[in-house]
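Just the one chain here, the form predicted alone, laid out as structure tokens.
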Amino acid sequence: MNQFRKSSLISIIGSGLGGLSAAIRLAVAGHNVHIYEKNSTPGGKARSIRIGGFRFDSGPSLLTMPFVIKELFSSAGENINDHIKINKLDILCKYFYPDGTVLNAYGDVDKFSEEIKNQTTEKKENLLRYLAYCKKIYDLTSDIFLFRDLYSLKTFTNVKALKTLFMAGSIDPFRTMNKANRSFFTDERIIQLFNRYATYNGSDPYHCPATLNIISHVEYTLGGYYVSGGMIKLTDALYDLAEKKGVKFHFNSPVDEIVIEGNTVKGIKVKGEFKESEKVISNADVYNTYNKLVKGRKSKAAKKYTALEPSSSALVFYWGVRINSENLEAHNILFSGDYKKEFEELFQKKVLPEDPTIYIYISKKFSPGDAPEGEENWFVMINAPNGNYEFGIRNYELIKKTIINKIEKLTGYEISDRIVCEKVMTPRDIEDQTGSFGGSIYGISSNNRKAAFLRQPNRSKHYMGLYFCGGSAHPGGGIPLVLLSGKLCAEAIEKSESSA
């Protein structure tokens, strides 16, 4: 950092992982950074819930691309091993199908290909060929779409970017994920397994571009991981690091307004009190930022984000269960019998699926302290439509019954009389607690092939001094991408400072 350069007073709205990432980098660069968080704890969607003797990660559960986290700690002069322990999963996920098939998705590709050969009609070489295709998409796109400012001309004026532009067809933007996956596999169970990765950014595999098959490379080739003690340990480590570097936190401090004069940010209002700021970073949802925090202005940005399709939401049951589930892994999927119908219900009909795919995450499998002896903490989630809150208490009981019956049918575990405590997280709860529009988990969906270019840039084009990070901004949702959004946001501020 240029020692003669003036440091800025920077306010960050929200302490999600993106905001923490930006705050750490900017504080290390010498800026005066304040984070305003409406909740009493940091983390946004990556927080912790306690019910009696049970602890649950509130949202994210699987870690990929750990090198992104290591680089963040390294940028702050810290060794990640002094803060958290990251471990590779042997089994990424255990899949249960309505026909009785049970499939272990091993982190070792050779073991996984053998499992596919033994449990399905698919040929193992098809998996290897498919993952090579996914790797090619990653190699061509990651530098542009993940690690750089997508909206900067400089990003496209290097040899690697030009190669990507000349090989645009190789990133498969014109086929849907489902169509591409069907070109590699013939067994419907394997097609469904890889179609599932559209949900990693809240999208529909029957509409989103096949470019998103990059996700399969990230999980199977780069690997899936867990954090000892649960994902909350990552939040805690970043919070502690931010404090160590001088970031000031203000909890229970909801931001009412981003104050703008002309087209220049002047600060924020917190509980009616003006806080001067030279730069403001919104780690809140882009839609709500433009429509609720930027007062009295009907900008093109607000109009654009109102028109874009949000990602899906979720309905989560946090259950303390009196059980030792030897036949379940930390991550488990119980597939629906008609996947296409499930996504039609989510995105076209905007209703809860009649036969939902169920995700069960049990952190006690690697974190014994998360539940009492002889019991487990089950995070049970189904995909839910964005913004549809008309479920009602009676319907929740029906949904709960559907889920419990399906768990018993596909896994053999009868848990209805073994649930000792419960908390429910609805799409409305997600919106209330995290500010995500309609409870959308990942901002906009990727059901439009242009979605990658429609995400909010990390630097606002409309208001000088306003920046964005988090799952609804570039490059997107999920832990590594959210952390990268904070990095790109900090780099944009540093670039603006150096050119001032």
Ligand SMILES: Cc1cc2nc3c(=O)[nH]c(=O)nc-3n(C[C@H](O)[C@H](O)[C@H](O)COP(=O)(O)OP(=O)(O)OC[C@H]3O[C@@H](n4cnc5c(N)ncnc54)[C@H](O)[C@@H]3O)c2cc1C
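Residue numbers run from 1 along the displayed sequence. None of the values given here were measured: they were computed from a predicted structure.
Form predicted in complex with the named molecule: not shown, discussed below.
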Checklist outcome for this item: Note: the named molecule not shown here; in the predicted complex, the stretch from 404-412, 90-98, 332-340, 281-289 having heavy atoms within 4.5 Å of it is 281-289
Checklist outcome for this item: Checking 34, 449, 70, 38 against the named molecule in the predicted complex, the residue with a non-hydrogen atom inside 4.5 angstroms turns out to be 38
Next on the checklist: Can you work out whether residue 379 and the named molecule are in contact in the predicted complex, taking contact to mean some heavy atom pair no more than 4.5 Å apart?
Outcome noted: yes
Item to check | residue 105: touches the named molecule in the predicted complex, heavy atom cutoff 4.5 angstroms | outcome: no
Next on the checklist: Please tell me whether any heavy atom belonging to residue 441 falls inside 4.5 Å of a heavy atom of the named molecule, as the geometry stands in the predicted complex.
Outcome noted: yes
Item to check | Non-hydrogen atom contact residue 61 with the named molecule in the predicted complex at 4.5 angstroms | outcome: yes
Item to check | Residues of 230-255 having any heavy atom within 4.5 Å of the named molecule in the predicted complex, listed in sequence order | outcome: 253, 254, 255
